[in-house]
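Laid out below as structure tokens are two forms of one and the same protein chain, each shown alone and named structure 1 and structure 2.
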Structure 1
Amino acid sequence: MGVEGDLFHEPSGEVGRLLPRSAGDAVAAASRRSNVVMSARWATNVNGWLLLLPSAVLLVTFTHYPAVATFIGSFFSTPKGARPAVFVGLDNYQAMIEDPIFWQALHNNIIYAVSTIPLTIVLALFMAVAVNAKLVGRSFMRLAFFTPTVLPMIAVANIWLFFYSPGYGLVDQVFSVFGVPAHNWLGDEHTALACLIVVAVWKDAGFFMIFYLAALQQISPNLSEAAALEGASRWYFFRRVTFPLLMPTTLFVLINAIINSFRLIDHIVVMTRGGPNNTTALLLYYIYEVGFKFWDTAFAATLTVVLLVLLAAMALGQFIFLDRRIHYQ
């Protein structure tokens, strides 16, 4: 065979079967491979959406749709009997601005939130650090701290209602040892809201402790060993290393604490019913009264929209301003 035959002979064997015969065959092979890859991606996406579909349906049905329907309903009047709802524009919002009880409930809620959120977070962090250490009876301490969380809200309210009972309640019994006279804690405008704050901190701190405890157990012990070798104190190590690593958990806990501070209603219904003189009427309880006691659903929808906007704004602000201070391992 000549030189030309040596240069242009057809490959044989496995190599011949793997190499395309022409440029058209190469394009066809590449197109088939591309179609296979796209089909695999499409099948993966479809399977993913099918797995998400049950949760998405529940989320839209019980969260997004009610929120949109509430927003639309705030622009209509309350239907009564044979009279259907009519479009009233911003009249409900105007009535809300002129409502003094709304402003008092909002003021009470702000005081309640500003008091409960830092106290709950600090107490939860302290308890998590305490039960994370190697102490005798650590399991019992964890159980004791977490027990209030698993109690029903109504049960907790009734327990503390007995504690605050004037004369024979636990609080007065303890204070009587120090010579403090009996006091109507839930009937006094100056102490009723503070009593609800104590109950909320007592119940929620154990719940948030679990998240902090899980985060503390994820921190490598090598960090504390290295700090000890360098002579760093425990407080310095906690302030400069431990707490910055807990910032993702703190952000999560903070958002949940804010939501909890604006959705309290069970304790108020059992313990004070918004009294005395509306000093314990928080925003969600006022919405409950307007919607289910006075049956003014349109005005209740207006109040609910304001509550949702407040919660969304606070959550968005936390993500914007705290995200730069979060450190991930």
Structure 2
Amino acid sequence: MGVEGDLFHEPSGEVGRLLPRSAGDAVAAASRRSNVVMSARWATNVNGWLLLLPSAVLLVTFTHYPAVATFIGSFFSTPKGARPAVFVGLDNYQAMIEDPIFWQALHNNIIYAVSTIPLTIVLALFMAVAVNAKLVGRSFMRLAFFTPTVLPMIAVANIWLFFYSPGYGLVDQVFSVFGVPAHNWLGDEHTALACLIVVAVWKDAGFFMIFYLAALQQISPNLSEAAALEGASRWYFFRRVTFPLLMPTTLFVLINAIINSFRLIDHIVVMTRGGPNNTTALLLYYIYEVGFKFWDTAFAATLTVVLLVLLAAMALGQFIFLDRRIHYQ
């Protein structure tokens, strides 16, 4: 508003002061005024676009163009040697539907998302409530919970790899105290994905905790005092007052958790490489494998289209959510 406001007002004020004495003058003044307005508008447009230009070029090159090119590429074959890519229609999609590993990766990703997300949210909420209460050592707790956020996933995945190693790993050492026999946690089809889910929850819960903590600190202490006077239990108060008030935060955390469950696969590269028998291959990991190990770029593009559609659906969800938040204000 500011730029536009003053570019508009100053010149037109000047014109206003030159009271026109004749019809001819009035016409001249009017045309001059429209010229000034036109050039001001032109300057705003040029300045605005020039400021945006560097970002726009990079965004188009590395976000919009590749998204569109992925879509187009999914209708062509992978170029091999001297043979260029040829249009193959829906062949890649046909192959994808017939590919059991694609369905398995999608299935894994859904299991991974629907277990990671609620666990992370419940723990983040519990952490925030605990750290917000006046507990002994709460600054240490906050530190403990948040630290995984700043550590590289690739580094901590190596430590978790040790925890899960059969026989002498920490998990087996602890379980052996209770007489549980050694187990190859990451090598077993039934436990490998669960192991990765634990790592993901550990990494993200502390990050989401800080948003709940911020929201909790916005809730007036009068509410809990009033509830205590009325004889409401802590759990009842949490269920009926605190949790509903935290709903916008929960939605925000939810969307970010969903995105993370489709975006972050660093720990899979370190811990399982999609195995055993593809039970830990998530969608993006499968794309990485197809695109950069088998070099089947057309098929990788087709898989990416599925991921993009999923993310776009999420984007739509967020726009609706943002709209709702604006209505609240």
Partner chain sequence: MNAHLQTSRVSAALERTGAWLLAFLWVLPLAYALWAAIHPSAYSAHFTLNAPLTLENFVKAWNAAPFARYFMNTFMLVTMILTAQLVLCTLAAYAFARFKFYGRELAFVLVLLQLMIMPDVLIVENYRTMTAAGIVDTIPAIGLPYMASAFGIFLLRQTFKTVPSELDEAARVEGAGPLQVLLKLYVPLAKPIYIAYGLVSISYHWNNFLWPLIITNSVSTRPLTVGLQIFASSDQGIDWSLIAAATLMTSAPLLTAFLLFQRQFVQSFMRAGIR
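Please note that residue numbering is based on structure 1, beginning with 1 at the start of its sequence. Each form is matched to the other, and the largest set of C-alpha atoms that superpose within 1.5 Å is called the rigid core. Predicted model only: the values in this text are computed from it and were never measured.
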Looking at both, which one would you say is the form predicted alone?
1
Using the rigid core as the reference frame, would you say P244 shifts its C-alpha by 2 Å or more between structures 1 and 2?
yes
Rigid core fit then P221 CA moved by 2 Å or more between structures 1 and 2:
yes
Given a superposition on the rigid core, I'd like a yes or no on whether I101 shifts its C-alpha by 2 Å or more between structures 1 and 2.
no
Per-residue C-alpha deviation between structures 1 and 2 [V57; rigid core superposition; Å]:
3.8
Rigid-core fit: what Cα movement does N45 have between structures 1 and 2, in Å to one decimal?
6.7
